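Okay, here we've got a single chain as structure tokens, the form predicted alone, with questions on binding and movement later.
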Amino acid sequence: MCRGVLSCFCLLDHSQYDLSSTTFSPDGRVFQIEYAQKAVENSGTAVGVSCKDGVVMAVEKVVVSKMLVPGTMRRAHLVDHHSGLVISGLISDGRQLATRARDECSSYKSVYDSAIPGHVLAERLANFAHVYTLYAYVRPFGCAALLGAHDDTNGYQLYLVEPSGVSYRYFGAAVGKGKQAAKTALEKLDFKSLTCREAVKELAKIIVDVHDEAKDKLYELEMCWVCEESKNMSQLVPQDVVDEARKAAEAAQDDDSDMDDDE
């Protein structure tokens, strides 16, 4: 009886601090931000790697209906000539981040007459996301963005922008429901010798391996890159290259399943 009463009081205590992103709990947590991160963790997996000749990003987009036209509501966005991003989380929130990124690129170009550096764009996107955690009349973004960019000073760069308003630069990063398994696979890669063509195959394999067929049978694989092959321009990876990499990954997965069954 005492335990039940205690748990009830704990529940009430928790509910007092999750109504606004401006309220801290006694142990220093902001529950609204944690809920936004849950929206990312329940979404399709997004992975990215910084290779020796570019940056490649891939994202799993679950198809909610067989009648949807392929390419509808993209999770991979081109934001400038030298930068692109992929979104994990709420698609509509991600679209707003992509629009903001384009505005920041345009604004920087008009003021400084040069392309915005990758770290500046990542910081501005992070600041934009952070503002939405400071006021009671808005909510945090329910998405995270992997940003790939190139500039003459820092070369190829990969950043992760989180709902809390922080950004990190990575050699390889993953977000979404399959991030733990994806991170384990990324840690096995040699980023210094990996080419973008090889990275396309590796990322396709990771997405295929972490995809949960029991819950989401249909999905599209979207990829974008900034690399030497694209002349350091942000582009969607050609669909035939993506399809070839996905078929090879699925074939390898089937072969592994057959070997397990034989054993």
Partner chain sequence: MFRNQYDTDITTYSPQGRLHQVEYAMEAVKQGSASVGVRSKTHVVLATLKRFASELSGDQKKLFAIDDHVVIAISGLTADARVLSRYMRTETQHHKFMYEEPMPVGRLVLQVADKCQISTQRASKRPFGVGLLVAGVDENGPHLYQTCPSGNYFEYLAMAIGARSQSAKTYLERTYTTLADADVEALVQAAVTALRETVASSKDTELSAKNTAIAIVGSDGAPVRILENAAVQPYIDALDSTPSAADDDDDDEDEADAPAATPAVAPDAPAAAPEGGSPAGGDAPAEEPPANGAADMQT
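Positions refer to the first chain, counted from 1. Note that the structure is predicted; figures quoted are calculated from it, not measured.
The discussion below concerns the form predicted together with its partner chain, not included here.
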Could you work out which of L90, L160, A115, L189 is the residue within 4.5 angstroms of its partner chain in the model of the complex, going by heavy atoms?
L90
Out of T184, T72, N154, N127, which one falls within 4.5 Å of its partner chain in the model of the complex, going by heavy atoms?
T72
Can P140 be called a contact residue for its partner chain in the model of the complex at 4.5 Å between heavy atoms?
yes
Given that the partner is absent here, does T195 sit within 4.5 Å of its partner chain in the model of the complex, heavy atoms only?
no
Flag A251 as yes or no: does it have a non-hydrogen atom within 4.5 angstroms of any non-hydrogen atom of its partner chain in the model of the complex?
no
Answer with yes or no whether Q16 is in contact with its partner chain in the model of the complex, where contact means some heavy atom within 4.5 Å.
yes
Taking the partner as it appears in the model of the complex, which of 165-173, 116-124, 94-102, 144-152 has residues with heavy atoms within 4.5 Å of its partner chain?
94-102
Output the sequence-ordered list of residues from 57-73 with at least one heavy atom within 4.5 Å of its partner chain in the model of the complex.
V62, V64, S65, K66, M67, L68, V69, T72, M73
